[in-house]
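Just one chain is shown here, as structure tokens, and it is the form predicted on its own.
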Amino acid sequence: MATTDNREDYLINILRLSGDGDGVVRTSELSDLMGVSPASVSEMVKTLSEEGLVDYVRYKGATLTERGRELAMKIRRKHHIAERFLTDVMDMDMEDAHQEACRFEHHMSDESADKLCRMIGPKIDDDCAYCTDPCHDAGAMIGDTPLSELEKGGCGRISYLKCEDAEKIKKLISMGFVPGRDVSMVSAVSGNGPRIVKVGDSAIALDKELSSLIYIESAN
């Protein structure tokens, strides 16, 4: 019997070959891409069809059902989040990160994926425009405020980090500014002067630029 990982590999490859799930994919295309025999592909596609994840017509090919496309998109999202975390935060080269992310994508929970995504920050580009998770949903960010805008005595919980510079993200994480943690403004100044922020048991001085990369959910 095929493993869940194997099923998911087929779904994500059908998604890739079909143009985000809209086109028909021939079994010969899957065979070439995945390096498996046509007979094995046909057997798996039939299994996926029986499970309601693809629509399969013999001699024509397979199309993802709505449920199959949703699952494939979710797997691909986890792969992309893991890949970004491994390259941007863990300094892993892209080839190794891709291989590791292929393992992560099958076993990462939705909750862990959300937390990782918030840690590395929302990012929309040509490679991840398919992301539809909460931190990429503009509506979900309404009410979130840059830490730099907090007044003295203000407090909140870190919602996400937002920056294109991986080094700055790593610096903030190393200082303890991780989504889900509570922070409070000990001392705030106008302009570009440093803000004294308490996170956990530590009081840390942050300049305006760094503090503006931390978005919080208001707690008061």
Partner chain sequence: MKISIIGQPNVGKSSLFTRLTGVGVITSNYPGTTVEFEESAITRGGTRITFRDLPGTYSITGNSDDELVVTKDILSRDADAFLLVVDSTNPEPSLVLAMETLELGVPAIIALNKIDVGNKLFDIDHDALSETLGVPVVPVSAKTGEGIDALADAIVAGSAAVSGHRIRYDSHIEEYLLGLEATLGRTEFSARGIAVKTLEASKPFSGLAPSETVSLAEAYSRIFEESHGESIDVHIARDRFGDAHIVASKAFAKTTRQRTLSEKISDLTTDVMTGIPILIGVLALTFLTFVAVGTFLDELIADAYDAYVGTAIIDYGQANFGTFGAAVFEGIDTSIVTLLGLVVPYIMVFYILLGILEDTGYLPRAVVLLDNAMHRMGLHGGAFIPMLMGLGCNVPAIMGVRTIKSRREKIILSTIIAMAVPCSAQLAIIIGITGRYAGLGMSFAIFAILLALAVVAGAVMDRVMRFEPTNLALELPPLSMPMPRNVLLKMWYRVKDFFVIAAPLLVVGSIAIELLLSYGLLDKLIDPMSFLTVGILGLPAATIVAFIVGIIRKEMAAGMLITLAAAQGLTLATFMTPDQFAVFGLVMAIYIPCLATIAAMWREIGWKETLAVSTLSIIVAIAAGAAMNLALGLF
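In this text, the rigid core denotes the largest set of C-alpha atoms whose superposition between the two forms falls within 1.5 Å. Just so you know, these numbers come straight off a predicted model, no measurement behind them. Numbering follows the first chain given and starts at 1.
Keep in mind the form predicted together with its partner chain is missing from the figure; the text below concerns it.
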| property | result |
| --- | --- |
| Candidate from 38, 52, 153, 176 lying within 4.5 Å of its partner chain in the predicted complex - any heavy atom | 176 |
| Check all three, 167, 171 and 187, heavy atom within 4.5 Å of its partner chain in the predicted complex | yes |
| Distance check, residue 210 to its partner chain in the predicted complex, heavy atom within 4.5 Å | yes |
| Exercise: residue 67 in contact with its partner chain in the predicted complex, heavy atom 4.5 Å | no |
| Contact label in the predicted complex: residue 26 to its partner chain, heavy atom within 4.5 Å | no |
| Residue 181 within 4.5 Å of its partner chain in the predicted complex, heavy atoms | yes |
| Within 200 to 217, the residues that have a heavy atom no more than 4.5 Å from its partner chain in the predicted complex | 201, 202, 203, 204, 205, 206, 207, 209, 210 |
| Large Cα shift (2 Å or above) at residue 67 between the shown form and the other one, core-fitted | no |
| Residue 210: Cα shift of 2 Å or greater between the shown form and the other one (core-aligned) | yes |
| Core-aligned CA displacement of residue 11 at least 2 Å between the shown form and the other one | no |
| CA-CA separation of residue 212 and residue 111, closer or farther in the predicted complex than in the form shown [shift of 3 angstroms or more] | closer |
